[in-house]
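The form predicted alone is given below as one chain in structure tokens.
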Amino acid sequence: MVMDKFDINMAVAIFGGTFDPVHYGHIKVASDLADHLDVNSVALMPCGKPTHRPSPAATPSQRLDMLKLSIVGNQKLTLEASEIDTTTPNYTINSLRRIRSRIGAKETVFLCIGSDTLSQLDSWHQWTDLTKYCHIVAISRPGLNREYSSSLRNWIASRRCRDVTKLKEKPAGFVYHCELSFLDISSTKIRQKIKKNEALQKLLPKKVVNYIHINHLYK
């Protein structure tokens, strides 16, 4: 379902991305996050106009449609669509402020990102203010190390929390690292396969594959 507003009196977990297209790797990580963070669900938040990468090949409405199809029957995943209709570049800090204005200041909010994204966090708009509105949950593959600038490394160190249960004691403020297994799937590889008319089995849900073919996406 698409969330018009988050349920209050519970922790809110957000997993953003372009989802161009959504695939089983996204779905597995988000589902595993729901279990690891012990939240009722994780909200997939598609970006309308990204600031750190080229514009997606599929339109915002098409990417939202594919996300809806991908989570049918999955009780661990929902959608947060507040960014999808924006025509200006999306800044995560603004999305967090919008979410806070809806749910209030007391509820715990998790912003879930990959460790590769965390290593570039100091290029984000008003990045040092992010933890005023959320906890940052950085997801990494086992054994994978990232390089951080000294300013970002110090900022993370001052906010690091290693106990997931302690995160829910405060609405925001911490940076937490967790290791989760990843499927070796990427949206870029999927788009390349579609251009070559290669098979997409085991990469993304059949309903999403059918949608891509019907709408002639990524050709």
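Residues carry their position along the shown sequence, with the first being 1. Predicted, not measured: the structure shown is a model, and the values here were computed from it.
Although it is not shown, the form predicted in complex with a small molecule is what the next lines describe.
So, 98, 131 and 171: all three within 4.5 Å of the small molecule in the model of the complex by heavy atoms, or not?
-> Result no, not one residue of the spot touches the small molecule.
150-158, 34-42, 177-185, 163-171: which one contacts the small molecule in the model of the complex at 4.5 Å, heavy atom to heavy atom?
-> Result for this chain: 177-185.
Residue 194, heavy atom within 4.5 angstroms of the small molecule in the model of the complex | Residue 194: no, not in contact with the small molecule in the model of the complex.
Contact of residue 117 with the small molecule in the model of the complex (heavy atom, 4.5 Å) | Yes - in the model of the complex, heavy atoms of residue 117 and the small molecule come within 4.5 Å of each other.
Could you confirm whether residue 113 comes within 4.5 Å of the small molecule in the model of the complex, counting heavy atoms only?
-> Close contact exists here: in the model of the complex, residue 113 approaches the small molecule to within 4.5 Å, heavy atoms only.
Any of the heavy atoms of residue 106 lying within 4.5 Å of the small molecule in the model of the complex?
-> No, residue 106 stays farther than 4.5 Å from the small molecule in the model of the complex.
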